[in-house]
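This document starts with one chain, in the form predicted alone, laid out as structure tokens.
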Amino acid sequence: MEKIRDLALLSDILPTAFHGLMEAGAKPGSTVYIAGAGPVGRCGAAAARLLGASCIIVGDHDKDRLALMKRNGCETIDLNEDVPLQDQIEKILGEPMVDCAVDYVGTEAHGIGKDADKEDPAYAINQVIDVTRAGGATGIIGIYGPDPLADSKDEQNGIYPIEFGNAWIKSPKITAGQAPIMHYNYELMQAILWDRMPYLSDMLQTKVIGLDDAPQAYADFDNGSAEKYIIDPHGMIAS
């Protein structure tokens, strides 16, 4: 019960984040770019540390979430800055590419710099493909699919403008799809129980709330809150 807030993440977001890194080939010494500092992206940063990544770079538009990642030892990129993503990665690594990258954003992605206010479902996936080195791998964990509420007919039918020509020339491995949550649960549970991820709670900013607080929590999260809410309807977790 002392670790229940971390163990609650096994229900979805931690195994999902871990799967993205597995598909991207993350390993000890890897340089990793993580698109999105939401809860799944932050779990991705925590999992990359567990795997021994040498440099973990997180890109997002939300300054509070980026500050949280910086405080936990990650390099950060503010996507509001009107600087190409490769150039910003080069400032950190000395080269414009990473070994592996994961898209934790999906169809809610926004552009960079002058396009930061513009939502385009293809932005994040094209960004992670662009910054992955030749022969590297990319995990597409963000959700893509037909969206009946999308603006364009193509997006409603699940058709997105992927820059495949630019990707093809680099001979990449690109893997997408739903994560097999149960495949990773036992190992990640053991990592939590044996204190191999002591930084998880701070990186996720988990907050336990009651059922009555859920509507406000959803509103706060929609507005960019850096907290990850865990609903405890029966008051089983000590405050």
Ligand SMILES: NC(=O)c1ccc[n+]([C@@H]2O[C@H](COP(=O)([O-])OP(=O)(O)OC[C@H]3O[C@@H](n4cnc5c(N)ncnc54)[C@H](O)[C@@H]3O)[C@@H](O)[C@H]2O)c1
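Every value quoted in this text rests on a predicted model; they were computed, and no experiment measured them. Counting begins at 1, following the sequence as shown.
The same protein has a further form, the form predicted in complex with the named molecule, not shown here; the description that follows concerns it.
Stretch 173 to 181 is the contacting one of 173 to 181, 189 to 197, 46 to 54, 209 to 217, since its residues have non-hydrogen atoms within 4.5 Å of the named molecule in the predicted complex.
Of the heavy atoms in A134, none are within 4.5 Å of the named molecule in the predicted complex.
Of the heavy atoms in C100, none are within 4.5 Å of the named molecule in the predicted complex. Shown alone here, A109 lies within 4.5 Å of the named molecule in the predicted complex, counting heavy atoms only. The named molecule is not drawn, but in the predicted complex it has no heavy atom within 4.5 Å of Y229. In the predicted complex, the residues of 36 to 51 lying within 4.5 Å of the named molecule by at least one heavy atom are, in order, G36, A37, G38, P39, V40, G41.
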